Every structure is written in C-alpha cells, then in structure tokens.
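One chain follows as structure tokens, the form predicted on its own.
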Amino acid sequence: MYIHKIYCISPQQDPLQADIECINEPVDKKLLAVEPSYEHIPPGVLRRMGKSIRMGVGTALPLLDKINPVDGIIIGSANAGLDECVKFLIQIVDYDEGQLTPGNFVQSTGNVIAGQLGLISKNKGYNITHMHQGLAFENAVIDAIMQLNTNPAHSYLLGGVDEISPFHYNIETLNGAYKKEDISNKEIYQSNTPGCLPGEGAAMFVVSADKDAAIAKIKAIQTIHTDDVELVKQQLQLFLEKNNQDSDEIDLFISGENGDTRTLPFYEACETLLNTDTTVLRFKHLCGEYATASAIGLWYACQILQTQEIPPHLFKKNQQKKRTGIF
C-alpha cells in the first residue's frame, strides 16, 4: 500500500518544530490540539460538531480531490463521538427525558467522522470506522490493505482521530494512566515515573496500490496484544524475518516511547533487535499519548521521508547516521 497525501492536526502549531524550546507545552497536564480555522467545513455544520469530529473532518477535507475522488473512507478512532454521547445521556437525566437537544445525539455515534466526511464530500463509496481502542488505527490500516488487494485500482482516505474528552480523561486518570505530577513534555523521557501525558490529534492519508509519485510504502503490518515483554520481542523478530528485513538494513526506528516507566521495557526490548548504529526516534513529547497516536507516528515517518529533515529533539540515539529508508 502506497501513501500519496498526508495531513495532520496536532498539539503543535508546527508538528515538526525544529527548536524544542518553541514546542507547545501541556495545559492542565494535557497536550491539547491546535485547531485551524476549518475553512473547508460549512459554518452551519461546523458549529454542531464536537472536537474529535472537527479534527477528523478538518484534517481529511484538504486531502479530498473533487476531480479524483477517493473510493472509500476508512477511519480508526478509540472514542469518536463518545463525548457527544455522554453529553446526550446527561441531558436525559437533567431534563427528565424532556425536550432534548438533537445535536448531541446526531454527533454521538461511533461512525460520525467517516459519516460526516461521506456527506460533505458526497462520497457514496466504502465507509467504515474501526473502534478497537489502541488497535483502532492499525485495524484501519489492515482494512485499507485488504480493500486494495481486492480493488487495486481504487484509492482510499485512511485516518486516525482521538480527542481528550472529559469523560475519557477522568476514567483514564482513575486507572492511573497519566502522570500525577506537573511535568513539561520537554522532560517527559527523563521523568522516571509511571504514567504519560495525554494528547490528542488527527492524521489522514490518501492511499492506493499505485507507486507512482508516492511518499511512502507500507510493506507490512502486524498487531499483538500482550503484557509479556519477551513475547513482544519474539514477535518483532519473526515479523522482520517474515518480511525479509535484516536488522542491519533498518535505517530508522520510530519508537512509541511515552515516558511511562511501566511500558518502557517493551520499547527497550524491541531496540535490542536493532543494529547498534540504527537511528531511534521518539515523538510523543510532541503529541502526547492517545489510542490512535500511531497515526501521527506514521505522519512523522512520511514527513521525514519527504523532507529528509529530523529535528534534533526527536533523536534518542545515532543522530549522525545517513538514512536512505525507514522502518
């Protein structure tokens, strides 16, 4: 599968800000997305949208070409319109099932982002949303690959979107997912404490089976759900062998490390399989942690391939190595 167009909304005004001193820091322990003016969304529609819907639609519309429309829309989101659903349920209690605002109800379904995109762009093709928590975007990628295997002449809009909704933030806080202390994202990897910084954002891609003028190629994808560090390491080794990828040939490893000491052993175990001079990057000090953060990780990979430039603060090790490809 080849990637041809990319766009994102993140907590950074410039997602690849070169100077770490200029990056946006957390507000109330949250890395909140910097939203644009959404010029592509009709004002009457925009004012009824929740944040995740605005971000998803606002990220996708600049990529949709009216002359060469995509054949389908595939979105991954752990929560999608959940915040609007909670607001509607609260209204039911507050108004004793009386005169309720229909807007929250209409925007509360899980497929609302893909649905709104289909309506606004008049796209009547394949339209689906994957809501599988931390594997939502990965399943969307697998779906896109399957669709292209079946319909190689088609192209698809692929994306991952999630917001920091009050409901989800409170649940995850009670679950101990986030840092208890106030900390700058510039120092997140040196914190040595459990928990991460919550973030949010959206990343969209136009994908097809045509390699002409492509930014990048996704050669293979695999998911695993386990708390066994050794099993993760073994599966990564098998993944590399299955795809005929020698660790000596890997130029760049983009890690999902997020400053949480509880998950750090998983990333370190993966790094042991790499060649000693393989470059390792970290990006979650820019966007924070959320279920579909891997989507913006893919955006970073594509942007780096396009520009061949990497801000110094993304490097974990081997900043000077020459890079011709990416993993």
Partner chain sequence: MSKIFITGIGVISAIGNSVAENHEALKAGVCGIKKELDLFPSKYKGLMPFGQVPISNESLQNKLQVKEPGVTRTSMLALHAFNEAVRCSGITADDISSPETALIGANTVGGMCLTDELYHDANTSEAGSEYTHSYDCASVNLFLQKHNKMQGVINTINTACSSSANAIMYGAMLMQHGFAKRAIVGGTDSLAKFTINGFNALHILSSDLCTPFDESRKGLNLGEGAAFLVLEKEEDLNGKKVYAELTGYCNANDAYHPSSLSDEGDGPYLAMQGALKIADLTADKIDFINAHGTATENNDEVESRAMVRLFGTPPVFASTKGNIGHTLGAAGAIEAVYSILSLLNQEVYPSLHFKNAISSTGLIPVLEYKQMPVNHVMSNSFGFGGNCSSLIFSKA
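Numbering follows the first chain given and starts at 1. These numbers were taken from a predicted model, which means no experiment stands behind them.
The following text describes the form predicted in complex with its partner chain, which does not appear among the structures shown.
*Asks:* Which single stretch, out of 205 to 213, 251 to 259, 124 to 132, 191 to 199, brings residue heavy atoms within 4.5 Å of its partner chain in the model of the complex?
*Replies:* Residues of 124 to 132 come within 4.5 Å of the partner.
*Asks:* Looking in the model of the complex, any heavy atom of Ser155 within 4.5 Å of its partner chain?
*Replies:* Although its partner chain is absent here, Ser155 would stay clear of it in the model of the complex, with no heavy atoms inside 4.5 Å.
*Asks:* Can you tell me whether Asn185 touches its partner chain? I mean in the model of the complex, with a 4.5 angstroms heavy atom cut-off.
*Replies:* Judged by the heavy-atom cut-off of 4.5 Å, Asn185 is well away from its partner chain in the model of the complex.
*Asks:* Heavy atom to heavy atom, is Ile218 within 4.5 Å of its partner chain in the model of the complex?
*Replies:* No - in the model of the complex, heavy atoms of Ile218 and its partner chain never come within 4.5 Å of each other.
*Asks:* Decide whether Lys180 counts as a contact residue for its partner chain in the model of the complex under a heavy atom distance cut-off of 4.5 Å.
*Replies:* Lys180: no contact with its partner chain in the model of the complex.
*Asks:* Asp65, Leu274 and Asp277 - do all three of these have some heavy atom no more than 4.5 Å from its partner chain in the model of the complex?
*Replies:* No, none of the three is in contact.
*Asks:* Need the contact residues for 147 to 164: heavy atom within 4.5 Å of its partner chain in the model of the complex, sequence order, or none if there are none.
*Replies:* Contacting residues: Gln147, Asn149, Thr150.
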